[in-house]
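Starting off, we have a lone chain in the form predicted alone, written out as C-alpha cells.
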C-alpha cells in the first residue's frame, strides 16, 4: 500500500552530500510533516509514496539547502553605503554612525525581510546572524519561512541597543528565553570581536550561553589591526587569548580567522571551534585571505559566510563557493586544493556542523528537516557538463535556483517567492534608502 506524503521532489541528480555517497541519478526525495522520510531512485520512490504535490524534474538537480554561516542580515539596507574603504575606517566612520542613526525594531524587521528574500531565492535556507533587535529579526525570518541562528550582539561600549556589556547580555538572555525551542529560530549570543569586547565580557557571554545551551558567535582575527591590538593589550593574538580564558569550544562559530598561524589553527581544531570563511568580504575590504587549506588539513570544520551585504555586497553563497575554490587553489599553488565536493560541503554539511545543527540539516537523509533546493540545469552556461559537483561550484549561479523548501514548506516555487509580495519588499527597501540617502547627503534630520 502506498503511503501518502506531502511532496516528492525529483531530479536528474540528487546530491545527498553525505560523505562518501555518490549523487543519485534520476533520484527523488519524499517529504512529510516537514521531514525527509525517504531518499532514493525516482522510480522506487514513486512506487512507495502518493504525494499531494511534486517539485523538480529530469533537467534539475536536488541538493540540501545552503547555509550562510556568518552574516548581518539587516545590514542589507546599507548595501553600497560606503565602499572601497579599509575595515576600520568603513566600520568606525560610516557603518557605526549609520547604525546609530537608523537601527530600530522597524528597520531591522524590514531589512531582514529583504535579506531573507535574497537568500532564499539564492538557495540559502539557513543563516547565522550577528546583530541587534533580535526579536524583530526573528519575527521577520519566521514570516519569510527561513531557518536562522540569531546572535544577540554584545559590545563593551554603548549603542542604540544597550549601554554596556552587562545590559547587552541581559537583553540577550531575554531574547534567548523568548525563542528557545522554536522550530526555525535558534537564539545565540554574539560578542562582537576581541577589539570591542574585553576577556571579561567574552566569559560573561559564554556563561550565559552555557546556562541556556545556545551557540556563541564572534568575529576573530579578521584583520592585522585586530591582531596588533590584542598583542598590545594582552601580549597574545586573539585566538590564544580566547583559548587561554576558556572561551573557545565546540559551540563557538568564529567568523573570518584570516590572521591565524599553524599553532592557532591547531588550537581551534583541538577545541572543535568552527570557522565561517567569508572570502568575498575579506577580499573587498583587503583584510587578507584565511588559510583555509591549512584549517581543513588540521581538521577544523569550515563553513561559508557572506558577511553583511554592506561589505560584500550580496548574500550569494554560490559565489562564495566559486571564489573559495578558485582563490585557495591559487594561494596554495595546488589545483587540487578545495575541490568541488569540498566547496559544496562547506556550504551544506560542513556548514551544519559548524552551527551544531548537523543532526537536523546539511544533508538529504531520512529523519532530517526538509530543507531542500532544486536547481535548473537546462541553461546554456550549464551545458554540457560531465560532473555535477563541478558544475554547481564552477558554473552555477544563484539565479539558477528554481524551487526552495524550508522545513517541508515550499517558499520558492519555480522562481516565484511565496512568503510575501517581492515587489512590496523591494519598494520598502527603496523607501528606507531614500530616507537614509537624504540624511547622509544633506545632514538633514
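Bear in mind that the values here come from a model prediction, so they are computed numbers and not experimental data. Numbering follows the first chain given and starts at 1.
Not pictured, yet referred to below: the form predicted together with a further copy of the same chain.
Chemist: a further copy of the same chain isn't shown here, but in the predicted complex which of 267, 293, 85, 184 has a heavy atom within 4.5 Å of it?
Modeler: Filtering the options by heavy-atom distance leaves 85.
Chemist: Spell out, yes or no, whether the shortest heavy atom distance between residue 46 and a further copy of the same chain in the predicted complex is within 4.5 Å.
Modeler: Judged by the heavy-atom cut-off of 4.5 Å, residue 46 is well away from a further copy of the same chain in the predicted complex.
Chemist: Wondering, does residue 272 line up within 4.5 Å of a further copy of the same chain in the predicted complex on heavy atoms?
Modeler: No, residue 272 is distant from the partner.
Chemist: Could you tell me if residue 195 has a non-hydrogen atom within 4.5 Å of a further copy of the same chain in the predicted complex?
Modeler: Contact check for residue 195: no, nothing within 4.5 Å of a further copy of the same chain in the predicted complex.
Chemist: In the predicted complex, does residue 280 come within 4.5 Å of a further copy of the same chain, counting heavy atoms only?
Modeler: Residue 280: yes, in contact with a further copy of the same chain in the predicted complex.
Chemist: Sort through 202-210, 323-331, 351-359, 125-133 and report the only stretch with a non-hydrogen atom within 4.5 Å of a further copy of the same chain in the predicted complex.
Modeler: Looking at the partner contacts, the answer comes out as 323-331.
Chemist: Counting only non-hydrogen atoms and a 4.5 Å threshold, tell me whether 117, 314 and 426 all contact a further copy of the same chain in the predicted complex.
Modeler: Affirmative, all three are within 4.5 Å.
Chemist: For 56-86: residues with a non-hydrogen atom within 4.5 angstroms of a further copy of the same chain in the predicted complex?
Modeler: In sequence order, 59, 76, 77, 78, 79, 80, 81, 83, 84, 85, 86 come within 4.5 Å of the partner.
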